[in-house]
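Before any questions on binding or motion, here is one chain by itself as structure tokens, the form predicted on its own.
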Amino acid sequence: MDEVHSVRKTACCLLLLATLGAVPLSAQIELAGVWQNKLHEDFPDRLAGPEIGDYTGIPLNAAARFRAEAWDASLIALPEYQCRVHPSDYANSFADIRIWEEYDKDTQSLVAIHIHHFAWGTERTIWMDGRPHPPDYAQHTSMGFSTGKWEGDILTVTTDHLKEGWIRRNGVPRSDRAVVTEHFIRHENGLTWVVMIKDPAYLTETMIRSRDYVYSVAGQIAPYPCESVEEVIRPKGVIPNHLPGTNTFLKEYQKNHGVLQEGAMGGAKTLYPDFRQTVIAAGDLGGKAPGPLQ
């Protein structure tokens, strides 16, 4: 009887271990697959590109505005810029992605999540094994150094060690001192990718944007070869730019859309409802309420 009891006890233990092995070690959900970028939100800003002088919705400071006003659109025609990749904190604004997971073959613990982005074929790694971020003097890259953790069903990612990039493709910069927090939220066949940028050099408050994706069952990511060419013949060393006060294109956005100069120039104060009342109180509109900010 003791032998039978021992066998039964062993079988129960094995069954319990098998059951525990089937229970997720965390609340993580499946993100692997190809995700199609939806462009219904901020469409002009993401494909054709934002208009020059449109800094609405950005809590930028004077230094960022100064650099943005000096930007010239023909800058991206320079061979050095033609194959410049989208930084990881801007990549969610454009094109499809493939996500896959990397597991330790012995422990089956999640080591990393990888993202391949169609544009310029960039790839980034989100480390999930608890490793620390490198010291400040470590190399900065366009993808940065990312670590992730599951918060319920949400994947939260922290990225630093980024090269200088941009917040909007009309000259608004993002510095290499920025720290970016991302949230990947899956809801059935949809994926919302939220980006939160804290940049002590160019932002006075956190910049937040979100983009949506749809799961593609038979999705494929095409290659993205890029070779730079000489599109415009310029004297050697010439970099397109506008000196302070010489950019005549800055007013076009304001005139074309009826946007107040104060609103078009951005800044944290323009993001809140009381901005309208402040403008009215200043008498800039003759007592009339401003039109909707773009």
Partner chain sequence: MPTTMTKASLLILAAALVTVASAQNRGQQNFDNVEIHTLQLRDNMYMLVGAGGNITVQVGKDGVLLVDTEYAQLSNKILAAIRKLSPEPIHYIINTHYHGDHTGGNENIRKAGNTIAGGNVAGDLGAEASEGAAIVAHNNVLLRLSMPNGNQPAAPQGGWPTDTYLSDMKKMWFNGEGIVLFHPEHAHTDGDSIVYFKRNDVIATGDIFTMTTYPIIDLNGGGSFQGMIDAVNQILDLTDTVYGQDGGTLIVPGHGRLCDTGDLLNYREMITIIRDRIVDMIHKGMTLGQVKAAHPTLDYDPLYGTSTGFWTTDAFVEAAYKSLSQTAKKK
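Residue numbers count along the first chain shown, from 1. This is a predicted model, so every value here is computed, not measured.
Unshown form predicted together with the partner chain; subsequent notes refer to it.
Remark: Val85 counts among the residues lining the partner chain in the predicted complex, judged by a heavy atom distance of 4.5 Å or less. At a distance threshold of 4.5 angstroms between non-hydrogen atoms, His140 is in contact with the partner chain in the predicted complex. The closest heavy atom approach of Phe249 to the partner chain in the predicted complex falls outside 4.5 Å. Interface residue remark: Ala32 is not counted as part of the site for the partner chain in the predicted complex, having no heavy atom within 4.5 Å. Here the marked residues Leu75, Tyr81 and Tyr224 all reach the partner chain in the predicted complex, each with a heavy atom within 4.5 angstroms.
With the partner omitted from this view, the residue of Gln36, Asn241, Gln261, Asn256 that lies near the partner chain in the predicted complex is Asn241 [heavy atom within 4.5 Å]. Of the listed positions (Asp176, Glu102, Glu205, Asp129), a single one reaches within 4.5 angstroms of the partner chain by any non-hydrogen atom in the predicted complex, namely Asp176.
For the partner chain in the predicted complex, the listed stretch (36 to 44, 261 to 269, 50 to 58, 241 to 249) containing residues with heavy atoms inside 4.5 Å is 241 to 249. Contacts of stretch 45 to 64 with the partner chain in the predicted complex, defined by any heavy atom lying within 4.5 Å, are made by Ala62, Ala63, listed in sequence order.
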